[in-house]
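Given as structure tokens, the chain that follows is alone and in the form predicted alone.
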Amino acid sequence: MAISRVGVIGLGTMGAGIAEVIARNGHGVVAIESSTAALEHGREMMENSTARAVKRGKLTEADRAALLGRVTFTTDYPALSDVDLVIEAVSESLELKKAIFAQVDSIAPPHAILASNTSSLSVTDIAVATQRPAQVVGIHFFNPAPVLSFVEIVKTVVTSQEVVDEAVGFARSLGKEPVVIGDRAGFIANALLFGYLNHAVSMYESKYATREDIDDAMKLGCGYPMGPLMLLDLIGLDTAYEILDTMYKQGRDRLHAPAPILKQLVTAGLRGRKSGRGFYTYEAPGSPVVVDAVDTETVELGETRAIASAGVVGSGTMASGIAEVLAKAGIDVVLVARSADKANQAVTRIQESMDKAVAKGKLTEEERDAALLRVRGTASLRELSYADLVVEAVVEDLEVKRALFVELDRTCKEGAILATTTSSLPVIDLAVATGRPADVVGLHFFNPAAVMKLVEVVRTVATSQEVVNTAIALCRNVGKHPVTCGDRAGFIVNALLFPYLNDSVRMLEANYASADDIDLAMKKGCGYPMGPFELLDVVGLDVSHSIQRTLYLEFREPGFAPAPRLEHLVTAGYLGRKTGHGFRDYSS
């Protein structure tokens, strides 16, 4: 069956975007709303969106006029009597959707396919409201529909294969990349995305970190297009609550139980951007302009200590990267390795990195030469005795780190700050190994340290405010963006990232979708720079398993227990790219 005329019911942000992308690709559209006011609002959104496309050179004025000319705006359902496909895009209410499908079923021609754009509700429950359940399918677009290319095609146990094939072909005709999946709450993208978003809300609700630091951490640490709390405001807190509540009721996974503050905000009418206030306050309802964000880069600090010289202990990529960052900022650095050879290798690595920066025009030769003069390699911890700051960047082993901090405490001068760049171990365990726990802080740089802007400043219950202030000031001085948090497993980034990665493995184990489809969903549907399985293989499955196990042991949350598939791959020695085998094979 050739689909030429399509009905779209509901002209909110999602429905208007769907109608636009369908009309843009040459199809006639019957756009339906429940009231004249809502209809006019939908028309206005489509006109504004296409006007922006013209301004950006994505459409010509003639193309825009033709596109809008293909759309019939109406409040009359009988206008659907000659369509080939109907896509419902109203709010996430099962009863509302069922009522609409029952009505459309009595009007649309017998051959017409009925589709829901639901992001979480059961398509099966919607389908049984009709006399044609075999012709009902989910076609889940992502926001903004004219831009994002991923579409989830959701088949129920009774959807005919012919209808699934028609839906896939239609999605491809719109320039989309469809993935066919079964009818499960959240499907692929939302099932993974909303667990992460809910965890971020809980982190904020517990006052573990500020909303700005949580959002900045995930943007700068993971390369996400938006932070989780600002993304929730964009989605709509009422929509987010409904999606989480639906997923929790279907799966009874505690990680999907909506954080209490979500319901409180929704009850108070604070639904995000569309109401003008959610986690952030906006210039006006619907505006993207935040008026109450805190610029953490300009927050005034109290007492700080001067940092003119620093030590870095370690010889790996992270250690040399941190030493490079400090030296380029004008700080004298002593890099201590286990042997003189390893120290020399680390210094050589720093020089090679700076040479690349010069070749790319990011550093002048004079700046490189001056920075290299500030770096000295050695195998003796005693040469750290005059350092104002020492950053530990050795192997991620608690006993090794504790022994090192005992030595640093003996060696370093009074008032020197001792920092660890651990990504998951308790900083307090290192602090109490010294006689100066108030001077110990976490400085979690991200790899590669010379490139990544984010640093997590981790304060323990014993860290002095002056030391925290100094750590924040240091990060700013060396061109990094600091976020502050307490001393608990995973800090901000890993605590939010790795449960999401673990959930992805569980989805794969359940045979709900392939690794390729899951990666595609998160890259194309959510704008992530890498899919979860690509990222796991890059990080290393052994490293990922260790972090996930640390999170589980700290929080005792059953959903944080490492997925069996992850454990089995690590046991088999399939550790990702570094071994040639992980979730994918890299040996060829």
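We number the residues from 1 along the sequence you see. Note that the structure is predicted; figures quoted are calculated from it, not measured. Under this definition, the rigid core comprises the largest set of C-alpha atoms superposing within 1.5 Å between the forms.
The form predicted together with a small molecule is left out here; the points below concern that form.
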(request) Would you mind picking out the stretch of 185-193, 308-316, 277-285, 158-166 that comes within 4.5 angstroms of the small molecule in the predicted complex, counting non-hydrogen atoms? (result) 185-193
(request) Name the single residue among Ala371, Ala127, Ile235, Ile472 that comes within 4.5 Å of the small molecule in the predicted complex, judging by heavy atoms. (result) Ile235
(request) Identify, from the list Pro178, Gly321, Pro482, Pro146, the residue with a heavy atom within 4.5 Å of the small molecule in the predicted complex. (result) Pro146
(request) State yes or no: in the predicted complex, is some non-hydrogen atom of Ser49 no more than 4.5 angstroms from a non-hydrogen atom of the small molecule? (result) yes
(request) Considering only heavy atoms, tell me if Phe141 and the small molecule come within 4.5 Å of each other in the predicted complex. (result) yes
(message) Is Gly525 near the small molecule? Define near as a heavy atom within 4.5 Å, in the predicted complex.
(response) yes
(message) Considering non-hydrogen atoms and a 4.5 Å limit, does the small molecule approach Ala38 in the predicted complex?
(response) no
(request) Kindly indicate whether Arg24, Lys58 and Met226 are, all three, within 4.5 angstroms of the small molecule in the predicted complex, using heavy atoms. (result) yes
(message) If I superpose the two forms on their rigid core, does the C-alpha of Leu551 end up displaced by 2 Å or more between the shown form and the other one?
(response) no
(message) So, superposing on the core, is the move of Arg577 at the CA at least 2 angstroms between the shown form and the other one?
(response) no
(request) Determine whether the C-alpha of Val539 shifts by 2 Å or more between the shown form and the other one once the rigid core is superposed. (result) no
